[in-house]
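For reference, the chain that follows is the form predicted alone, supplied as structure tokens.
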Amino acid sequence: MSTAWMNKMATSPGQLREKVALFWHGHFACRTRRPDDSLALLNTIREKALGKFPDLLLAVSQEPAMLQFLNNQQNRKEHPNENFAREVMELFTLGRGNYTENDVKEAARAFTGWSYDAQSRFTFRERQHDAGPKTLLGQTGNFGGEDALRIIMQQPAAATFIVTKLYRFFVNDVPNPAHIEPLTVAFRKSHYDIGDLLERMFSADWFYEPAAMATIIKSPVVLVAGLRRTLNLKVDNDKQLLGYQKALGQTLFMPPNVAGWPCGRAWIDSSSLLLRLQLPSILFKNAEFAVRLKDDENDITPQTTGRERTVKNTETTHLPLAPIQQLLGGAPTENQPQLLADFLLQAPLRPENLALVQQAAAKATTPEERLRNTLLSLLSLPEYQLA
């Protein structure tokens, strides 16, 4: 499942849908030991990733994977379980501070009876549903789960919460209130149309200003998928790449907790930075490079040895140079590093780094080797870690 999705990220013509699906994959963080349930959840997310957010929210909330992960199959009228209701408001829609503990209790009562059957299909168990009156976010009535989601999405905080998270994913980890407010107003007026929101975001003048360039540290999946997509890399055994996901701290279908993966500087630490910078060299030179996988508190078998947690790159990676040569056209050799930097890097190439790239290129004995050395040097720079 993971390699298939990585391949789709690298080759699909619908790359925006895949990247937005990756965002929702972290937003609606879910971890289950049933691959069929996990795949069903991803397919739902991918289908509705660019539609109306309330439709996506309802569909995800009724996925067996999510109901199981957040314990709603244990949510019955005699013994309400608040886990699902709490995370829906805290992590999916409103954020902390925009609801009360009583709202959580009342929402949990509304979601009683939401469950799934032995065939992993959503089921409403009426006998387990609390049919009494409930007061949720200032409204009172005999609410069910769909009513609770509708009331939650009526809160102004919902639009601000969703817009801010998408802004941090696509624009800058530090939100600009002057950008967030008009996007939020338009998002509410569009009845939470995700595609419309992204179009407004990507069409804004500030999205292309220098201040918005190279401000986001690429997540491990974005880094690896971007390498493959930009350079059309072919890996003989792409399962090899799964080890790098875990070593870098982002394994698809396995978020660390219900809050999903951290972002920003959390992607960079002492154990992952060196690997991130050396990854192009490992792949391009087909080097054998041992890397110790990170421990995971959710591992089924956490007590594995260091040897068992070691990944070695022994597979062949193919880097087609013809498209890169076509991109460069007839540019003089001395101009090629800067031209490739303009293509590959969001941040301007600093003079000292340009000199390093030129030095690496000068060591080559053939035009093909020179081009490979230039690419490798550029992709190994800290600037390539930024989007």
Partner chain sequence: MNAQQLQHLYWRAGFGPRPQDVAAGLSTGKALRQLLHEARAYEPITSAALSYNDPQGAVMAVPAAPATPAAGPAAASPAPASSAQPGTLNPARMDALPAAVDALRPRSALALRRQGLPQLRRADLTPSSASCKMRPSGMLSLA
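For clarity, every value in this text was computed on a predicted model and none was experimentally measured. Residue numbers count along the first chain shown, from 1.
If you look for the form predicted together with the partner chain, you will not find it shown, but the lines that follow are about it.
J.: Flag this candidate site as yes only if Leu94, Glu101 and Gln154 all have a heavy atom within 4.5 Å of the partner chain in the model of the complex; otherwise mark no.
T.: No, because Leu94, Glu101 and Gln154 lack any heavy atom that approaches the partner chain to within 4.5 Å in the model of the complex.
J.: Report the residue, out of Pro80, Gly145, Gly260, Gly226, that has at least one non-hydrogen atom within 4.5 angstroms of the partner chain in the model of the complex.
T.: It is Gly226 that has a heavy atom within 4.5 Å of the partner.
J.: From the list Ala214, Ala131, Met254, Ile180, which entry has a heavy atom within 4.5 Å of the partner chain in the model of the complex?
T.: None of the others qualify; the residue that does is Ala214.
J.: Only one of 358-366, 329-337, 51-59, 30-38 gets a heavy atom within 4.5 Å of the partner chain in the model of the complex; which is it?
T.: Of the options, only 30-38 has residues within 4.5 Å of the partner.
J.: Even though the partner chain is not shown here, does Leu42 get within 4.5 Å of it in the model of the complex, heavy atoms only?
T.: Because a heavy atom of Leu42 falls inside 4.5 Å of the partner chain in the model of the complex, the answer is yes.
J.: I'd like to check something about Ser272: if you look in the model of the complex, is any of its heavy atoms closer than or equal to 4.5 Å to a heavy atom of the partner chain?
T.: It does not: once the partner chain is placed as it appears in the model of the complex, Ser272 has no heavy atom within 4.5 Å of it.
J.: Can you work out whether Tyr116 and the partner chain are in contact in the model of the complex, taking contact to mean some heavy atom pair no more than 4.5 Å apart?
T.: Result yes; Tyr116 sits at the interface with the partner chain in the model of the complex.
J.: Decide whether Leu16 counts as a contact residue for the partner chain in the model of the complex under a heavy atom distance cut-off of 4.5 Å.
T.: Yes - in the model of the complex, heavy atoms of Leu16 and the partner chain come within 4.5 Å of each other.
J.: Residue by residue through 368-387, which ones have a non-hydrogen atom no more than 4.5 angstroms from the partner chain in the model of the complex?
T.: Going through 368-387 in order - heavy atoms within 4.5 Å of the partner chain in the model of the complex - the hits are Tyr384, Ala387.
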